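Below, in C-alpha cells: the form predicted alone, a single chain.
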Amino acid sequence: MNKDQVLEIMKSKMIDILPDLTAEQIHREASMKDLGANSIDRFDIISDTMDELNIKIPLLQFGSLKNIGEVVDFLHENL
C-alpha cells in the first residue's frame, strides 16, 4: 500500500466523521483542526484509519504531527 492509498482511506474516514467536508478540501498540507475536527473527531479519524489499515500505534505518538500529510506518512511508515 502506498501513501496515496493511505490518504484515500483517511479522507474517507474524515468525510464519514465530518460530513460537511468534501474530498477536495482534504489535502496533505491541511490540518484536521483547521478543517473543523475537534479533538474527539481527530481521535476517531486516526483510530478508524488505523483499524482499516490493521495497525496499532499509541495515539500519543500523533501529538506532534502538524498536518494530514505528516499523519499519512507516519501511518505509512508503520504499516
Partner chain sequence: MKIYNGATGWRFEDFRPVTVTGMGVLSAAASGIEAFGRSLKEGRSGIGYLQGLTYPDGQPLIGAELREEGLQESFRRYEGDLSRNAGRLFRISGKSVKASALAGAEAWQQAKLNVSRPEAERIGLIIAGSNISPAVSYAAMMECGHQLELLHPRYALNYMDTHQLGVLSEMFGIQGEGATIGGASASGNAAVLRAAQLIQLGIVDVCMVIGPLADLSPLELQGFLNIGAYGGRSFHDAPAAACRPFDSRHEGFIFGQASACLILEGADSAQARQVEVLATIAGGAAALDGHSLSDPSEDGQVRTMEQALRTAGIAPSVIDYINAHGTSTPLGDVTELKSISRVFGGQLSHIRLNSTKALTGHCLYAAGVVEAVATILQLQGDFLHPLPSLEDPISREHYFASSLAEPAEFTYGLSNSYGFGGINTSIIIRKGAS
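What you are looking at is a predicted structure, and each value in this text was computed from that prediction instead of being measured. Numbering follows the first chain given and starts at 1.
The discussion below concerns the form predicted in complex with the partner chain, not included here.
The putative spot formed by 16, 56 and 59 is fully lined by the partner chain in the predicted complex; each residue has a non-hydrogen atom within 4.5 angstroms of it. When contacts are judged by a 4.5 Å heavy atom cut-off, residue 20 counts as touching the partner chain in the predicted complex.
The partner chain is not shown here, but in the predicted complex it comes within 4.5 Å of a heavy atom of residue 47.
Using a 4.5 angstroms threshold between heavy atoms, residue 34 stays clear of the partner chain in the predicted complex.
At a distance threshold of 4.5 angstroms between non-hydrogen atoms, residue 41 is in contact with the partner chain in the predicted complex.
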